[in-house]
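Form predicted alone, single chain, as structure tokens, below.
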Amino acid sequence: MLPGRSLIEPGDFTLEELNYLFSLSQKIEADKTFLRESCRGRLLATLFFEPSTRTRLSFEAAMLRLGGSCLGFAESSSSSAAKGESLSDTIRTVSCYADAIVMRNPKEGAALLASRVTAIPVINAGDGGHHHPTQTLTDLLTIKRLHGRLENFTIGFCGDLKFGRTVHSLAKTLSRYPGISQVFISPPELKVPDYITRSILEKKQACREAEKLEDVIGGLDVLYMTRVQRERFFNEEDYIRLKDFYVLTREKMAAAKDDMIVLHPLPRVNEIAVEVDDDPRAAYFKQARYGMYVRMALLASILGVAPC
């Protein structure tokens, strides 16, 4: 279904293809021997020009669990990019060694450029404030596993919605499912970009903006918290002023539904109090594990070793 395909943004895959990946992920989770060794002899290149913990390690864990191998770098300073090598030349070179590339880059559009200069699949692991499609796969699988459905619920996105590529990718993708209502909770300076809300409204889906989490938390089925990203700010004073604008505490959770789930793409700083970790509705560490399963499914599919 997906052999040889690149994943640059979530819209690259149909809903049928997404559902196939989620079904495959659940089979991998249920049977630890399923697809084991299926990628033996295959090589995944992980090219991270920005820091990463979960995305890079989950991709490497996914490939190793499939029996494949990995090579790459965790920071641009350890590659020839530090010497001035162009991204195109880096991708063309790495394509000589690997069967697929996973790349994170601070520049919007970098993954698309990479996919155009190589014949092997390219997976976007985050391009600036633009997209993070495999985090979206992770988020959708988590919601499906814990809520049992991907339609007819209300989700609130809280925090840095201006620069949050995970928010942008997930919000646009959720607008493809029926009955989704989206609430964007942020200070004016970090509001969701207009092109995101326009894309939702064009699909006749509901969305609205709010400034206070307390005003809307009681009506949410899913709460998606995000950190204020220091690395996206040009002005340190603006970051200091906004970084503690939202902090999810036990007191605020008391107003939420009993079956609401709390997601976070991680890393967190202080936007979710540690005391919330013990709440059964806190799902962000389960979310990290689901990320490995869905990335296993994705790699097996694009490398052509998964069942049709």
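Don't overthink the numbering: it's just position in the shown sequence, from 1. Note that the structure is predicted; figures quoted are calculated from it, not measured.
A second form of this protein, the form predicted together with a small molecule, is not displayed here; the remarks below concern that form.
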**Prompt:** So which of 182, 173, 124, 166 reaches within 4.5 angstroms of the small molecule in the predicted complex, heavy atom to heavy atom?
**Reply:** 166
**Request:** Check whether residue 283 has any heavy atom within 4.5 Å of a heavy atom of the small molecule in the predicted complex, and answer yes or no.
**Result:** no
**Request:** Flag residue 54 as yes or no: does it have a non-hydrogen atom within 4.5 angstroms of any non-hydrogen atom of the small molecule in the predicted complex?
**Result:** yes
**Prompt:** Heavy atoms within 4.5 Å of the small molecule in the predicted complex: does residue 267 have any?
**Reply:** yes
**Asked** Closest heavy atom of residue 227 to the small molecule in the predicted complex, within 4.5 Å or not?
**Response** yes
**Prompt:** Can you pick the stretch from 259 to 267, 275 to 283, 245 to 253, 37 to 45 whose heavy atoms fall within 4.5 Å of the small molecule in the predicted complex?
**Reply:** 259 to 267
**Asked** 104, 132 and 135: each with a heavy atom within 4.5 Å of the small molecule in the predicted complex?
**Response** yes
